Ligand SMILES: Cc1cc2nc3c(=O)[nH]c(=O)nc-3n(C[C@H](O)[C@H](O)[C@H](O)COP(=O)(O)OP(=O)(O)OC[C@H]3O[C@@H](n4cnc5c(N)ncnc54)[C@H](O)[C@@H]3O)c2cc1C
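Given next, in structure tokens, is a single chain: the form predicted alone.
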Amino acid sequence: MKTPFAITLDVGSSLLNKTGSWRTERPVYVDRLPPCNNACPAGENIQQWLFHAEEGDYEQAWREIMRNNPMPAIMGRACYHPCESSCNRAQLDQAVNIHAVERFLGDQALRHGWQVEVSAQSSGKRVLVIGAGPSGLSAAYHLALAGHDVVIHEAGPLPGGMMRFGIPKYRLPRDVVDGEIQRIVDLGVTLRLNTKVEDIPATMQDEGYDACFVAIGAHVAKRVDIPTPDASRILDAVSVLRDMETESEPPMLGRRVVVYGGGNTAVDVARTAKRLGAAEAVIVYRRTRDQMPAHDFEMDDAMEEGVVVNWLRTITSMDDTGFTIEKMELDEDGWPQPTGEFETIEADTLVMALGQNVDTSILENLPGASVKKDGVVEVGSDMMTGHPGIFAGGDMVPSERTVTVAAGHGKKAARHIDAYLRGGKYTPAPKHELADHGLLNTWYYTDAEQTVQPLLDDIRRQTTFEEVTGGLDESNALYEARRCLSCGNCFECDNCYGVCPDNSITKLGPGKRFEFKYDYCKGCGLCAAECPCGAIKMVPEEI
């Protein structure tokens, strides 16, 4: 790459103005896919809204989020932020605290009453959405913005699905849930509570719907048979958390509570038991912590609040005073095996938290639809079931069961439904190449550690349902947004312009980036090597 430069100097300065013919490679400006964007299940353009946030334009940042995800205040609290696990900044110091900035923007919108307007003309089409959980609400939002008339049928008394009935108030305050759902309803979406659909084709015909999106959450608890003389002392986690929302009095769990399971729901129930006055809340899990599906930070919070975990244990029976537990050990393949060693735990209540299933009965007799043995519905790449015009998403289809995945399904389904209603087919734009860490020139960046969100004090965490994790203030949110490295996309730092030895780069003005003048570029590659964010690529010279 350096040879053309040496030849030019030897021949003389008369060639310095026209050196394009000597190049073997030329630089081009590219837009690469930031790893945070790539990892987001809701498909948010995280880097773009962080750019607006670091400029202090919080409303524009919020509106950028709303292009893909209608519930940023919820997601900033409930999402397990895989974007941060993929963040390139983590290899420099710590990942950008993306979810905290998103929460800040979502809270700003609720505080200031920011709204989204429907600009599309009415399509004259009606869409039935079954289920007012994150997937159904997301689909309704995007369909309403596309100009369709949307009606949500929700079998329960309150909207929100597992956001309300599966995530406790101390993690997700209900005024936040209510505020973001109301914004969706304000777009003209009709929400019918306590309305269960028994026959989809009949309902569609009777009410004149042109398409349907089924998004029923996983509300049916899995159970195992445990010998006991008193089955009333065995509850399921889904019912416990649901009763916290729908009953006038909280469930009576007693002073000693055992929770059987290792997922996030098990952790939530154990932490809820402590807040309801349990002196002891014990999680029994048959594997190790490393194998536990619950997220580490959830488990850390639970243990800080006094929850105890018995690893490598399984419950075999229950009597009048407690439980018999068998110790397990891992075999050479890492699977738990019984040891024949037993111990007892005294407890008033056992709460089963072994996972949830979806009630798919509504689709089992639907012509063309296919329900698998594991209780999920087969859908195509367009989210449509085998029955034309009926789509499904969220917990009902094969996927990770999280709030953000569900919201992403709702958006994806809405785009395919919109195309279906208009007689076309939705084809997503191809993704750019990934901006991995090796493409960055990180020595330009100084260390700036991640902002730590404030926590409620220990006593109040164990005795109230106040929100445990606090939000960022404006100064912290601004600082955190500015930690973004803008991976793969030019942010006009002027590095290429400053280091080019041939003055072959032209500044086009604020927001317009730069342009290469190839008549003067020798292809030395210095601009690409010195680009902090990997937004310049050297490509073979065309012959």
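Counting begins at 1, following the sequence as shown. If you're wondering where the values come from, they're calculated on a predicted model, not measured in any experiment.
The following text describes the form predicted together with the ligand, which does not appear among the structures shown.
Enquirer: Can you confirm whether Ser85, Leu439 and Ala477, the three residues that make up this candidate site, all sit within 4.5 Å of the ligand in the model of the complex, judged by heavy atoms?
Expert: Judged in the model of the complex, none of Ser85, Leu439 and Ala477 sits within 4.5 Å of the ligand.
Enquirer: Considering only heavy atoms, tell me if Asp268 and the ligand come within 4.5 Å of each other in the model of the complex.
Expert: Contact with the ligand, yes.
Enquirer: Check whether Glu102 has any heavy atom within 4.5 Å of a heavy atom of the ligand in the model of the complex, and answer yes or no.
Expert: Flag for Glu102 set to no.
Enquirer: Can you check whether Val259 is within 4.5 Å of the ligand in the model of the complex, heavy atom basis?
Expert: So Val259 does not count as contacting the ligand.
Enquirer: Is the gap between Met162 and the ligand in the model of the complex 4.5 Å or less for some heavy atom pair?
Expert: Answer yes; at least one heavy atom of Met162 falls within 4.5 Å of the ligand in the model of the complex.
Enquirer: Using a 4.5 Å heavy atom cut-off, which of 174-182, 397-405, 366-374, 278-286 contacts the ligand in the model of the complex?
Expert: The contacting stretch here is 397-405.
Enquirer: Can you pick the one in Gly471, Gly76, Pro336, Gly156 that has a heavy atom within 4.5 Å of the ligand in the model of the complex?
Expert: Of Gly471, Gly76, Pro336, Gly156, the residue with a heavy atom within 4.5 Å of the ligand in the model of the complex is Gly156.
Enquirer: Please tell me which of Val197, Ala302, Val309, Val189 lies within 4.5 Å of the ligand in the model of the complex, judged by heavy atoms.
Expert: For this set of options, the contacting one is Val197.
Enquirer: What residues of 191-223, in sequence order, lie within 4.5 Å of the ligand in the model of the complex by heavy atom?
Expert: The stretch touches the partner through Thr195, Lys196, Val197, Ala215, Ile216, Gly217, Ala218, His219.
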